[in-house]
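One chain is shown next in structure tokens, namely the form predicted alone.
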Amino acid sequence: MKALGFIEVSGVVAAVDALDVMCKSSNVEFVTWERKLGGRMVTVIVTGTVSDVTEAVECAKRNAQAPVMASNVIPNPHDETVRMVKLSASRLVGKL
């Protein structure tokens, strides 16, 4: 993974919309999502080049349906960070 991008919004609908915006705005790929508090807080994670991930996160922040609670871009993530994200993504296998 070259970079990881995170955006956290309130609600599943806003998260799906943010993911749509991110994927349309630059060349990023969906990795996984995490829902907390019964889906009230949703974190969407994408990957791609640092410039693409940065553009995707910034575009989602500008165009999000709901207020963005948090966002971050991690260029060249550490192996343990990648392992944690892959563990989260592995929970989706078989559910899509």
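Everything quoted here is computed from the prediction, not taken from an experiment. In this text, residue numbers run from 1 along the sequence as written.
The same protein also has a form predicted in complex with a further copy of the same chain, omitted here; what follows describes it.
Checklist entry - Every residue in 40, 81 and 88 with a non-hydrogen atom within 4.5 Å of a further copy of the same chain in the predicted bound form? => result Heavy-atom distance to a further copy of the same chain in the predicted bound form: all three under 4.5 Å.
Next on the checklist: Can you tell me if residue 57 lies within 4.5 angstroms of a further copy of the same chain in the predicted bound form, counting non-hydrogen atoms only?
Outcome noted: Because no heavy atom of residue 57 falls inside 4.5 Å of a further copy of the same chain in the predicted bound form, the answer is no.
Checklist entry - Taking heavy atoms only, is residue 65 within 4.5 angstroms of a further copy of the same chain in the predicted bound form? => result Taking the distances in the predicted bound form, the answer for residue 65 is yes, it comes within 4.5 Å of a further copy of the same chain.
Checklist entry - Does residue 69 reach a further copy of the same chain in the predicted bound form, with heavy atoms at most 4.5 Å apart? => result Result yes; residue 69 sits at the interface with a further copy of the same chain in the predicted bound form.
Checklist entry - Does residue 28 reach a further copy of the same chain in the predicted bound form, with heavy atoms at most 4.5 Å apart? => result Taking the distances in the predicted bound form, the answer for residue 28 is yes, it comes within 4.5 Å of a further copy of the same chain.
Item to check | Contact set, 12-26 vs a further copy of the same chain in the predicted bound form - heavy atom within 4.5 angstroms | outcome: Those in contact are 12, 13, 15, 16, 17, 19, 20, 23, 24.
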